[in-house]
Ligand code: AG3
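A single chain comes next, written as C-alpha cells; it is the form predicted alone.
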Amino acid sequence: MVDSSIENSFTKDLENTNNLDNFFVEKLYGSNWNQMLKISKVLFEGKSKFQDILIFENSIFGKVLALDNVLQTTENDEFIYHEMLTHVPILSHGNVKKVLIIGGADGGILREVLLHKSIEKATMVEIDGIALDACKKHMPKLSNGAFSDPKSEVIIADGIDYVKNTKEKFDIIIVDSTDPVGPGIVLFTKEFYTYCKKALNPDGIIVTQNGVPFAQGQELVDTYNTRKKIFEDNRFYIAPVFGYIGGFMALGWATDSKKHFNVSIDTLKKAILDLPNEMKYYTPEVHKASFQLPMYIQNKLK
C-alpha cells in the first residue's frame, strides 16, 4: 500500500509540472531526452559573450549552475566529480608541484587541488569571467576560499590559447570543460591535446571530462581515437555523478608514463593520509576500481 500523503504529494507535483515556468529543463539531448529540476529560487540569470548563465536553488541538489540550458554542477553532488577529477591524477603521480586547470568556473577543482601539500602553484584558466564571478558570489561553498589562496593564479583567457603560448610546464592538467559544443568544443581537438602535451612535464598527466557514455558514446570514441595518436597511455575511468543523467560519467586519462596507472593501492592509502579533509567519495579502492569499465563502455571503445 502506498501512503496516501505521499501519493497526494506526488499527484500534486505532477500537476505542478504543467507550469514549466517553475522548472529548469535541461536540453542536452534535444527533444529526445530531458531532465527537469524544480526552481525554488533564481539566484542569477545572465548572458556573457560566450553563453547563457543560470544559477538557481533546488530542494534536492541545492544550488545549481547551468550554462546554455545544460546542467554543469550542483552544490550537493559536486564532490563526486571534483574529487575524482582531481585526486585520481594527483595521487597517481605522487610528486605534483604545478597544476593547470582549464575551465572550472565554479572553483571546485581548484579547491580540491589546493588540499595537496606538495602543490606550489595552481593555475586556472577560465574563458568566461562573468560565469566565474557569478559562481564566486552565488556558489561560494564550491570554491571555499580557493580563489584567494596565495598558491592560486586565476587567468581569464581561452584555454587553447593559453596552452599554445605558455612556457610553463605542469605535472597535471585538469580540463573541467563543458560538453563539446559552444566555447568548449576546441577543448576536444587534436590541436588542443597536442598543445597540452607540450605544456606537460615528461611524466605529466592530463585528465578530462568526457560525458556520459550511454548517451554520448561518440564523444568517448572520438576522444580516444584522437589522443591515442598523441599519448602512450590513453584510457578512461568512471564516476556516478547524479546530476548528469544517463549513468556513469567518463573521465579521460592520458600520459606518456605507464607507471602512474599502475600505482599500488598501498601507495594511495599512504598518500591520502596527507590530505587535510576526509573525502566524501574518493577512496584508494574506488580509485583503482574506477578504471574497470562496464562492458557497454568497453564495447564502444573496441
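A residue's number is simply how far along the shown sequence it sits, counting from 1. Remember, predicted model here, so these are calculated numbers, not experimental data.
Below, we refer to the form predicted together with this ligand, which is not included among the displayed structures.
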Q: Identify which of Leu71, Leu220, Ala199, Leu115 has a heavy atom within 4.5 Å of this ligand in the model of the complex; exactly one of them does.
A: Leu71
Q | Contacting member of Ala66, Leu28, Leu43, Val263, with respect to this ligand in the model of the complex [4.5 Å, heavy atom] | A | Leu28
Q. This ligand isn't shown here, but in the model of the complex, which of 266-274, 47-55, 230-238, 28-36 has heavy atoms within 4.5 Å of it?
A. 28-36
Q | Three-residue site His87, Val99 and Thr283 fully in contact with this ligand in the model of the complex at 4.5 Å by heavy atom | A | no
Q. Applying a 4.5 Å heavy atom distance criterion, does His82 contact this ligand in the model of the complex?
A. yes
(Q) Can you tell me whether Ser143 touches this ligand? I mean in the model of the complex, with a 4.5 angstroms heavy atom cut-off. (A) no
Q | Exercise: Ser92 in contact with this ligand in the model of the complex, heavy atom 4.5 Å | A | no
(Q) Against this ligand in the model of the complex, would Glu75 count as a contact residue? Criterion: heavy atoms within 4.5 Å. (A) no
Q. In the model of the complex, which residues of 235-265 put a heavy atom within 4.5 Å of this ligand?
A. Tyr244, Met249
